[in-house]
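What follows is a single chain, given as structure tokens, in the form predicted alone.
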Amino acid sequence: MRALTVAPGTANSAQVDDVPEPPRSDGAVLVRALALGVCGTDREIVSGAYGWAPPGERRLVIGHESFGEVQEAPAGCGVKAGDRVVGFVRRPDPVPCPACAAGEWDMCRNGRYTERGIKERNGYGAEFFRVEPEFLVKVDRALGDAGVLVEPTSVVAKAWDHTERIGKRSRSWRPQTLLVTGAGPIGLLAALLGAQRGLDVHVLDHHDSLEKRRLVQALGGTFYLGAITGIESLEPDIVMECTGAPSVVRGVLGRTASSGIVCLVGVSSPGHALDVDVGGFNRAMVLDNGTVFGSVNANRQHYEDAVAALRRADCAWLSSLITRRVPVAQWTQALEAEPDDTKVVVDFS
């Protein structure tokens, strides 16, 4: 069968390989791939900056944003042939640590977790893959190919879950205004979940796009173009920082309303030294009861929350996020950003 593979640590080693059928050790549920989402993590792996092949192997089947249709499954496992499903990315460490033992592998404390398509386990970028019944979630057919958005939405669902847990430190906390920095797929999905919570949504991006403006406005939100300094009068209760750009991260620190929360969702590359007024930042955080925290990955509850959020969303809006579909044979084209890209997927259907 065809699979999308890379040699981790070797730049530009991506190719389509003929590989054996997935081993049963990967899971009892056999799934035919329909689509695979591509994100910045995949691009980092292909660049050679990130990623680990399974032990004893040289190449890694890439892909963690899965979406497929069940071909066979054990009786009573919760899914059956014909169901649409998404496989989870992370697997708990073998010890396990207290977090993994509690089903919160997204909060693993010793770093010995594995991840499909990223860290020591082959991913979902193949015509067929296997997955454990306990590490998948069923997706409503009514979502169509927007089912491929479940994994990135799960990351956002976790960010919202933890933001709201922090907010509840005060019984009087009633957020009204949300600022999302970055109008990529994660930023737009963060805005979607904010709109579903009834918040006044504001989205800031450095790249102008009529389609992104339309998507934000369809949520009842306001789109801004430029730098954070251009909207200094806005004092959001919540900031979802989805760019990972060091200058934007610096810009959002200390810029919330009193008791505001900044959630860092985007991942920065190291090596960017920026001047930060640590004293001013500390003063703002302490005197205003502010919070800044990071969030990554997701557990089962977040995948289920993601499916529920997507079911509540407008299907046409979700479909508009997928701006380019690339055939398997030309899948490396999905790694090359084009000006009008929002979400790019590899089409296995």
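Predicted model, so just to flag it, every value in this text is computed and none were measured. Quick note: we count residues from 1 along the sequence shown, nothing fancier.
Just so it is clear, the following notes concern the form predicted in complex with a small molecule, a form of the same protein that is not shown.
Novice: Of 308, 39, 285, 28, which one comes within 4.5 Å of the small molecule in the predicted bound form, counting heavy atoms only?
Specialist: Only one listed residue qualifies here, and that residue is 39.
Novice: Note which of 89, 183, 193, 86 lies within 4.5 Å of the small molecule in the predicted bound form, where distance is taken over heavy atoms; exactly one does.
Specialist: Comparing distances to the small molecule in the predicted bound form, the residue within 4.5 Å is 89.
Novice: May I ask whether 209, 322 and 341 each come within 4.5 Å of the small molecule in the predicted bound form, counting any non-hydrogen atom?
Specialist: No.
Novice: Tell me, yes or no, whether residue 297 is in contact with the small molecule in the predicted bound form, where a contact means a heavy atom of each within 4.5 Å.
Specialist: Flag for residue 297 set to yes.
Novice: Using a 4.5 Å heavy atom cut-off, state whether residue 118 contacts the small molecule in the predicted bound form.
Specialist: Taking the distances in the predicted bound form, the answer for residue 118 is yes, it comes within 4.5 Å of the small molecule.
Novice: Counting only non-hydrogen atoms and a 4.5 angstroms cut-off, does residue 64 reach the small molecule in the predicted bound form?
Specialist: Residue-level check for residue 64: yes, a contact with the small molecule.
Novice: Is the gap between residue 241 and the small molecule in the predicted bound form 4.5 Å or less for some heavy atom pair?
Specialist: Output for residue 241 is no: heavy atoms all beyond 4.5 Å of the small molecule.
Novice: Just one of 55-63, 29-37, 289-297, 276-284 has residues with a heavy atom within 4.5 Å of the small molecule in the predicted bound form, so point it out.
Specialist: Looking at the partner contacts, the answer comes out as 289-297.
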